[in-house]
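Okay, so here's just one chain, in structure tokens, the form predicted alone.
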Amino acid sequence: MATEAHGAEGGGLVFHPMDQFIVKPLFGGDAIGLFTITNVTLWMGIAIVAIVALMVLGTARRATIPTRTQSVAELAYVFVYKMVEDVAGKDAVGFFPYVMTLFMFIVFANFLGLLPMSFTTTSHFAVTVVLALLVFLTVTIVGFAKNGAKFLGLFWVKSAPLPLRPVLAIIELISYFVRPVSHSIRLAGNVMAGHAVIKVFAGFAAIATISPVSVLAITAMYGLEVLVAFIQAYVFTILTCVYLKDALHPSH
């Protein structure tokens, strides 16, 4: 996991924590075009294949006594379904397939990124911004399609004193358009930070005097990253449900 090299000058240990996030073409060359297959493409594809294997192939038999794979798939299904129903309401259940797809892709991308020599696609803002913008556009379109002009009630805080309502409306409007930014940065930033810290500790593991401490630190951080991989997928998904609730029930 660590990129290590002895510097030409002074013989010091050099490692670059951010090298693991470099996007590289799979079939040689340095130029990356619109249709270039990169390491990001590869690991996004692997995530999709893994999801299909779990949710489609793993539940194909639908046994009364489920296998381990079927049990995991059913737990994931029920977990996300209850999240959508509890947070966004029963009228949001129609969006369950979309929310389920988001959750499964993010959680698989996060966990696959913890494998040695892998690439964490959710550490790139190019990926998380697209996911966040899709949520933002979906919520906005659904809000206006279902409620029409009443959707603007989301920005008008009726419970506040009348003189404060215009000020609060501006704040709510700014907050609304900042959503995709915070939604995407929260996921990519947390994933990127954890992986970078692990690589820093891995670089120090080559130094004999502090190697045992470094190995312990790597183990602890890796355990934390396993937890973060799930929590960040959960946070992204539950925020999506909250935004859907705003679109379906916009009045304060």
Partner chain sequence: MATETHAADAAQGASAPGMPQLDFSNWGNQIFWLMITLVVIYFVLSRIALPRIAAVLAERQGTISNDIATAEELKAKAVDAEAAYNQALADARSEAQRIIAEAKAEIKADLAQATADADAQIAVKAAEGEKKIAEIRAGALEAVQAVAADTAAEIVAAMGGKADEKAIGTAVANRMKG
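Here the structure is a predicted model, which means the values were calculated and not measured. Positions refer to the first chain, counted from 1.
We do not show the form predicted in complex with its partner chain, though everything after this point is about it.
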Flag this candidate site as yes only if 107, 186 and 234 all have a heavy atom within 4.5 Å of its partner chain in the predicted complex; otherwise mark no. no
Candidate stretches 146-154, 67-75, 175-183, 161-169 - the one whose heavy atoms come within 4.5 Å of its partner chain in the predicted complex: 67-75
Is there a non-hydrogen atom of residue 218 within 4.5 angstroms of a non-hydrogen atom of its partner chain in the predicted complex? no
4.5 Å heavy atom contact, residue 129 to its partner chain in the predicted complex: yes
Within a 4.5 Å heavy atom cut-off, is residue 21 in contact with its partner chain in the predicted complex? yes
With the cut-off set at 4.5 Å between non-hydrogen atoms, does residue 36 touch its partner chain in the predicted complex? yes
The single option of 224, 213, 26, 48 touching its partner chain in the predicted complex, heavy atom within 4.5 Å: 48
Could you pull out the residues of 93-129 that have any heavy atom within 4.5 Å of its partner chain in the predicted complex? 96, 97, 98, 100, 101, 104, 105, 123, 124, 125, 126, 127, 129
